[in-house]
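Take a look at the structure tokens below, where one protein chain is shown in two forms, each on its own, as structure 1 and structure 2.
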Structure 1
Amino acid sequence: MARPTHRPGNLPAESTSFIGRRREVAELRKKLLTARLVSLVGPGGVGKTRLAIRAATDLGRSFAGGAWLVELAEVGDPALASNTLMAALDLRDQAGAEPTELLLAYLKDKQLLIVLDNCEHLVAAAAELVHAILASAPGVRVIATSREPLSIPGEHVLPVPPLELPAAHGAEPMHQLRQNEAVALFVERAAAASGTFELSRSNQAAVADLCRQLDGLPLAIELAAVRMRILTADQILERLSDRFGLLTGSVRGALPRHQTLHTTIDWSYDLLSAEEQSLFRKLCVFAGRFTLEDVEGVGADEVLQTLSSLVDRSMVVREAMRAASCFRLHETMRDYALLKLREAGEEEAVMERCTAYYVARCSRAMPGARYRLAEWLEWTELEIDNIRSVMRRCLNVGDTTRATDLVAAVGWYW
């Protein structure tokens, strides 16, 4: 009997189905045809590791040396990055030898694919190591996953966004809703967790809204699906005001920081500098999209570099508009930032600055609005979620004067 052929590599077998991401898989494969380093960059829980492993499993057959997964999540010392890669490749340390030199000597004539997973907390060490590998081993290609780019020559960044969202309230036809990535993930995981769940006309609106409120974030959707063992989709939706208490892990074997939605974001928040943490907390005052001018207006000075860093670290989303860039927080990030703002005792002061800013800004724009209505309406459309949020805040605290001033100031919009 012929012995089975053993393919080199250490990629784990997938224990659950891989759903969606056709565009990202195709784009990653395309980039690796010419690029030697592709970094998958996105927020925690967005599915970077699953995407990297799926692509590497398919591409590994093209490399004589196979595809190898190097997990950096539990490595706390940057100096151990090379040792971790050596261990993944099943290379033995030699007494007195420098690990990086041994590693580069081994890789110099190899044809293999390396998946360097979870680089964000060791980004400088990972960047230095990958740069050395690319310079010394022309047959090696690297897929890195991180919440920020490695920022080295030759890097091609592939942003990994949340899953495609369904229409609000499940308004699309059932056959289209079943094909939606976020819904398909929830339905598959909910059926696996409960043993009985099926998407139906009676629950399609709740499922669609649940996926939307969870921002299409795969980790959040999977944690919510586990709750289908004891709750309905409507009940989960009702409890999302406490999403961090609700979405806790019930899956053994997951990384500690993926056991709950809160610890996943904690991991990213703890990697920020004090200035970045301070600005991130303040951004929760914006209910919708916001501009650099808005951020400066709520009392944060000289924020360009800090805001840029938050975008690079996948904490803030940048959106291109016709005239200028604007930004937004995913709902989950906004809720987390609000918790941190309250913990810091800054909520009242920051909310008051936000209210004062929008009242003043809208009042200044009102007199000339009718003479440049198209421009004014474009600005108001961008800011309307923030304006409405400030109005509600004023009414909630009994500040009817400023609420009325805001309503009058944007009268041309109504």
Structure 2
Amino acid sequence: MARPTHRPGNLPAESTSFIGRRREVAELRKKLLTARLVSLVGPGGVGKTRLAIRAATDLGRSFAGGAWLVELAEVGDPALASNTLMAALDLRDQAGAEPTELLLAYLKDKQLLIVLDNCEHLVAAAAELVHAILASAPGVRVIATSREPLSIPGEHVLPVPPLELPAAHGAEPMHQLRQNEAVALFVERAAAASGTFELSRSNQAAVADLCRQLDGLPLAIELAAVRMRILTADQILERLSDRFGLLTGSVRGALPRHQTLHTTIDWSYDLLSAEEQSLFRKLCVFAGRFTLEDVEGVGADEVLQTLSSLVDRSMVVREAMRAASCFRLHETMRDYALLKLREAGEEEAVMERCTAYYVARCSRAMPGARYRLAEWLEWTELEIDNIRSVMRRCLNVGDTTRATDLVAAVGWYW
């Protein structure tokens, strides 16, 4: 009997159901047959990352070396793009070797599919790196996600549209409405949140109009749907319409998509309790994934309850990483949280607490690391983006003492 072959790779398991996108997945598959770089391009929250991971999970099976996700969102420094890719591939730096060279030498004869997620803030560095990989590693193909194209030779751009919209007022027959992508996402998330929600004749018009108002943007739809625990679709529609109306002078249709999303996040944020708001804005200090202990470390007490309700409200994503349970903010949410932290005049104090926490934490972990290397490496891997961003912050304000302490404490990781 043939045993299932285990492909290497690091793609995360999807933690919520995946809806629709058949056309886009098919298109991506077709393009990847000929092109070696396909960039999924679209606005924040439209579903680029989900689509890339879904497609790579299917397509990765035909690559001997499997499919690998590299998250660039958390990398602030373009010079670290190669290091990030190496870390994602489980390669360690070697003293004296230039990371890009090491990487290219490793990839040269490999057959892999690489998903480079969130290239937009490092477009130039990502473009340069991908260009070098494509030139020297013929068996490697890349799916990039970005809010703008990488603009290098050989790139095929696949624009990611919002989810397919239903007809106004849910005018189509019920079975057809259920098949609609935006409606299906709303219904799934609303049912998961409330436990009882079902699409019916009495709510179909409101649900369809809500999806239309939200431009079929998955992130906005998810934020609205979790509110179905206490509000009806009509109530949500009414409240959101009021907000959008204020922005456009009541003529709907002139709102750009990023405005739709920003306003929906605003609305969700305003519905949080004061403690939830306060915790949410602090979470932007974490550049990458974080644990409950980290949140407590940056000076928030009694966080468990508040953090759980932020997860329930889709403001924070929960993820299982190896054994540990951890959390992260969607990129768009992190940008938003930082704005709110600044508005509240808390940025400096919270950043300082975060720095103090990581310096103390890393120095504490260091001495015993050699006896518990596996555990220490796992922790460092989860936290490395946070640690790097703290280092950068220290350097930016001329705090070389603490930056050096951090480098010394995580030196083994590199």
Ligand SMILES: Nc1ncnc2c1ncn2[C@@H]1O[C@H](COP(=O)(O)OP(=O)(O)OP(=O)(O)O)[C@@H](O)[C@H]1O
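Between two forms, the rigid core is the largest collection of C-alphas that superpose within 1.5 Å. These figures come from a predicted structure and were not determined experimentally. Here, a residue number simply tells you its place in the sequence of structure 1, counted from 1.
Visitor: Mark the structure, either 1 or 2, that is the form predicted alone.
Guide: Number 1 is right.
Visitor: Using a superposition on the rigid core, decide whether the Cα position of residue 149 changes by 2 angstroms or more between structures 1 and 2.
Guide: No, its C-alpha moves less than 2 Å.
Visitor: Comparing between structures 1 and 2 on the rigid core: C-alpha of residue 182 shifted by 2 Å or more?
Guide: The answer is no, as the C-alpha of residue 182 shifts between structures 1 and 2 by less than 2 Å after core alignment.
Visitor: 2 Å or more on the CA of residue 227 between structures 1 and 2, with the rigid core superposed, yes or no?
Guide: Where the cores coincide, residue 227 shows only a C-alpha shift between structures 1 and 2 that is less than 2 Å.
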